[in-house]
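Below you'll find only one chain, the form predicted on its own, shown as structure tokens.
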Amino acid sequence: MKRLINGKIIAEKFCETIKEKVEKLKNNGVTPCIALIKANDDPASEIYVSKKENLAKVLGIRSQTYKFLPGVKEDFLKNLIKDLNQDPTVHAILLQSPLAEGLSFKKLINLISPEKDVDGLTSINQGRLFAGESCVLPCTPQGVMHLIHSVKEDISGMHAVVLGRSVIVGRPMISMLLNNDCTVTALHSKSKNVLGICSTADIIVSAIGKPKFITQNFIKPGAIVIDVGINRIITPEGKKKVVGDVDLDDVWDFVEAITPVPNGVGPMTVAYLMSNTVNLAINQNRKKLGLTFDRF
């Protein structure tokens, strides 16, 4: 039976469990706190940061937002990150991408303490993920895995195709699927026979940023399709619209389950940002809480 994977509803249910954890933490004298750093004038980033602030408030998580316009000095941001690393009341730090021109995301992200790297993007956390070790997992791939498991709990041995190789989604996604015992194929802009390879996949995760690129010819009947793409287009009527990498209407008759855009992966990404914040707060206050991570 075909199924639309409603990320909004799944995220709301997941957030209920996060809120319960937050309440327990507060009752034990710990208020989870996330610091959000935005250094650009990108309107989309403003929206994303606002969504994170709003969800944090709903869940009882404290957020501290630092907004800077283009022209902010990299040294200033370095000092800010160092101060936040040393602040015991701040448990998670997020560096919102993209950064303004002239700022190095790689340099700044790697200044964040791995224990406060809420999106798992420091080289240390990515290396641990690659090695199959315990680490802070990136939020979007975690959300993707949650959505896949909402359809099928055991995915071991399944052929998963990941389109895209970014450090934020594609590369960690590949590692997480491997760690779930999938057979994984990575496809990117230089890959050949993309259509043919996709048509053999039991699971497709697309994060390439090409509107409605994936059509029914790419789909093996009964595949699970997770659309991470966020593409802003102008319709023939002249209206602005957000669409994914997958042409949902075209592939609908061939998939077992598929995420929509919007209300697919997006809500899960923000939910896991909050979940990671809470888990980091727990990890940094083990002695104070007198509880193990698993028991809390």
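Residue numbers run from 1 along the displayed sequence. A quick note: this is a predicted structure, and the numbers were derived from the prediction, not measured.
Beyond the structure shown, there is the form predicted in complex with a small molecule, which is absent from this document and is the topic of what follows.
- Although the partner is absent here, G266 sits close enough that one of its heavy atoms falls within 4.5 Å of the small molecule in the predicted complex.
- None of the heavy atoms of V246 is located within 4.5 Å of the small molecule in the predicted complex.
- Proximity of K210 to the small molecule in the predicted complex falls within the 4.5 Å heavy atom cutoff.
- Residue contact with the small molecule in the predicted complex: T140 places a heavy atom within 4.5 Å of it.
- Scanning V72, V194, V184, I155 against the small molecule in the predicted complex with a 4.5 Å heavy atom cut-off leaves one residue, V194.
- Only one of V169, L177, I219, I224 lies close to the small molecule in the predicted complex, with a heavy atom inside 4.5 Å, and it is V169.
- From the list 210-218, 73-81, 99-107, 126-134, the contact stretch for the small molecule in the predicted complex under a 4.5 Å heavy atom rule is 210-218.
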